[in-house]
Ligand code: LLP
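The chain below stands alone, shown as structure tokens; this is the form predicted alone.
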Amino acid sequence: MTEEENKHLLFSGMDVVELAERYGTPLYVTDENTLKANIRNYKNTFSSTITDIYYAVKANGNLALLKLLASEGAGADVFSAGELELTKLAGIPAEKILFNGNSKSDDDLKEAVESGVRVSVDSVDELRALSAVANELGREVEIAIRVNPDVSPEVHPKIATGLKESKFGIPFHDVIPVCEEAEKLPNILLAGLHCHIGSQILDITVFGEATEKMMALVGRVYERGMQLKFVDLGGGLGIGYRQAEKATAPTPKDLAEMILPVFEKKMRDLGISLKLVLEPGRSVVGASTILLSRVNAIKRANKNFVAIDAGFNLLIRPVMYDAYHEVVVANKVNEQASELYTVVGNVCESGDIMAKDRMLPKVERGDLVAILDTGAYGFSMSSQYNGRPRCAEVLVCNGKADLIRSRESIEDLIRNQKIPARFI
């Protein structure tokens, strides 16, 4: 390592200052080796039982990353026809794709049936609509029933999906009658039960509670003469965004120790064999990526503000969820933190605050800021708000960098807009 590199943040062995100079800022940078290690960790940890890992595409739908995950044997949990198309292009086989979502249109259902993927049914209305679509197309479709298990993880309310008041899933006590109706409907093949209780979960005891409830439902399904192929327990395993959390954040091994004994015991008791499906997103891709941003200004006012060239149009988590991300002055990593700063974006909103009250080295215009652990729900939730084109994405591996998404241009902002003839 040279003296100059010693002053700079290295990511996957690469000098991020050099990456910023080569590709410009803002810039998302993803480490291929971290991504591979994370998905392999899930596969190896759950190898004691038949398990499919369906990556949650909503976390990060970059096509290059999806192809990488497909090459590692991952399936996909998709929430739209767009995500479904991405997984097809990535080469993920139809039998390892689950079309999820609480509000699917007839076009969505038609796309799912024609693609030969399984559908997670979220309501009785959807179940009947799917039967009608499949019948019209002359195709059968395998389904899972999305269960609302009424489990309450301690997470931000906007990412808790298993509460009884959540919009997702069929209430726990209504599931068996819905399964019985599914068995009678034409072109519908009941194949599984599915739940997802939330995101960024650090207290994994709730996964044990959800597994207990889901396997109790499995028992009731078999008592009524119905059979299943799989149980999907969703995703939601949290990561350590704060430095102090990184050593204590739960791992796939912790998750396995919580859910597998319950899952496997129930199968032994019933004398059956079911596939387990998991849907990790954040815990696969979250820590694989950083967001690089250039400092435009330092303002000393009521607070010391560091104004950077990335706002919530590129990373909305701090604004939407009050989420915490560690911040590093990438060109001054060995300088002592000496001043308290609040890092703000370039969006015309008072709430565009990326990081509050952080001790950093003295920050100056032109410095490079790295926001850590931005691989999940970073670019995938980005927008063109304020007329700002979205940034580029780069994949790094063993000293090599590849551009995996080009920076948008001003022309991209207006490409699909039309002016009525009467205005011309």
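Just count from 1 along the sequence shown to find any residue number. Everything quoted here is computed from the prediction, not taken from an experiment.
This next part talks about the form predicted together with the ligand, which is not shown.
*in the predicted bound form, the residue from 311, 149, 75, 235 that sits within 4.5 Å of the ligand by heavy atoms*: The residue from 311, 149, 75, 235 that makes the contact is 235.
*Listed range touching the ligand, judged in the predicted bound form by heavy atoms within 4.5 Å, from 27 to 35, 359 to 367, 44 to 52, 375 to 383*: Every other range fails; the passing one is 375 to 383.
*Contact label in the predicted bound form: residue 100 to the ligand, heavy atom within 4.5 Å*: Result yes; residue 100 sits at the interface with the ligand in the predicted bound form.
*asked:* I'd like to know whether residue 321 contacts the ligand in the predicted bound form, with contact meaning heavy atoms within 4.5 angstroms.
replied: Residue 321 belongs to the contact set for the ligand.
*Is there a non-hydrogen atom of residue 266 within 4.5 angstroms of a non-hydrogen atom of the ligand in the predicted bound form?*
No - in the predicted bound form, heavy atoms of residue 266 and the ligand never come within 4.5 Å of each other.
_residue 199, heavy atom within 4.5 angstroms of the ligand in the predicted bound form_ = Yes, residue 199 lies within 4.5 Å of the ligand in the predicted bound form.
*Determine the residues of 49 to 70 with a heavy atom within 4.5 Å of the ligand in the predicted bound form and present them in sequence order; the list may be empty.*
If the 4.5 Å heavy-atom criterion is applied to the ligand in the predicted bound form, 49 to 70 yields 56, 58.
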